[in-house]
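Okay, so here's just one chain, in structure tokens, the form predicted on its own.
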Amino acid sequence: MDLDERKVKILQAVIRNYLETGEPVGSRTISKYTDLNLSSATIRNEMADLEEMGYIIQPHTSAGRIPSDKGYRLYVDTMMEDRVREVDEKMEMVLEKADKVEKVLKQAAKLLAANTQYAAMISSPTYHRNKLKFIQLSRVDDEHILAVIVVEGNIIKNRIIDVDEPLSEDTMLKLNILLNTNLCGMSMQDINLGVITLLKEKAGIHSQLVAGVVDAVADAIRADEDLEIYTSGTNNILRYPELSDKQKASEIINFFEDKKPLSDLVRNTLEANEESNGIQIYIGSETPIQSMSDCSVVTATYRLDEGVEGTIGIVGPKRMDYDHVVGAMKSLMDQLGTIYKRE
């Protein structure tokens, strides 16, 4: 059964009305809401078809209809106007006056939550897909060496590596030359098994030491332990009846208080948007976070410079105002880029 123009308009009316009221929508409401000039009986027949197709559902007998996840998905993909809304004057003023990116992010999280009336999160910028710039191995004592690892963005990481026997200055020099010649300019994706095997062969009796240095490089490039995530507006969730019962609200609040699922969401967003400035919209069961299955989660990657990226996220009910959320996020992404270049 095709979704013709009339069904599309009725589905659009159901979704928009439900977004505004949070109440099931009946045929009489739709007859007043659209410009189709159809009778309630005709609209009921069309809504029955939409329900059979899985775009709307009837939560209770004799009740109106509400959008299904499939209906929301169609709305997001084909009905939502891609318009960019400027953030209000207060947000712009605060962002312009902020001296540091960290202060900007904290303020932006609060203002984004206030602007949308949903829960908001913003991660600090990381150097995604970093490339190695330099490695320096130095002796600490007979049993340890220090690996100083510099990656793009001038992030410096120090790692202590155990050695089985003392290493001469000549050996240290040769290892430094070997590692810098073969690894500098590479991302972690480039340092594959073949590269590591070749390095270990060239290192000879020091192959295990080289393997330890490569592990240290991987840790430095990922650098997830430095990730800061700023959240705001968690209590906004309680505004929506479908999310305000004790268990659901508790799961959502726990999600915002636990760094690991937030970090996982940041990584998923950076990977999903790796080649674009796209905004990801997860509706209900589509979300990668199990505790968010009753919500919609909207994420985006903001870019401050080449390789310098972070994540913006909004969590709210499935009936969230997607147009407004996307507009606010796009505006914020532009603001952050402007501020970073001005710093």
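When you see a residue number, it is the position in the sequence shown, counting from 1. Bear in mind that the values here come from a model prediction, so they are computed numbers and not experimental data.
Another form, the form predicted together with the DNA, is not on view; read the next lines as being about it.
- Judged by heavy atoms within 4.5 Å of the DNA in the predicted complex, the contact stretch among the candidates 311-319, 296-304, 282-290, 23-31 is 23-31.
- Although the DNA is omitted here, in the predicted complex none of L175, N182 and N192 has a heavy atom within 4.5 Å of it.
- I57 falls outside the set of residues with a heavy atom inside 4.5 Å of the DNA in the predicted complex.
- With a 4.5 Å cutoff on heavy atoms, M53 does not count as touching the DNA in the predicted complex; it lies far away.
- In the predicted complex, no heavy atom of K70 sits within 4.5 Å of the DNA.
- The DNA is not shown here, but in the predicted complex it comes within 4.5 Å of a heavy atom of R6.
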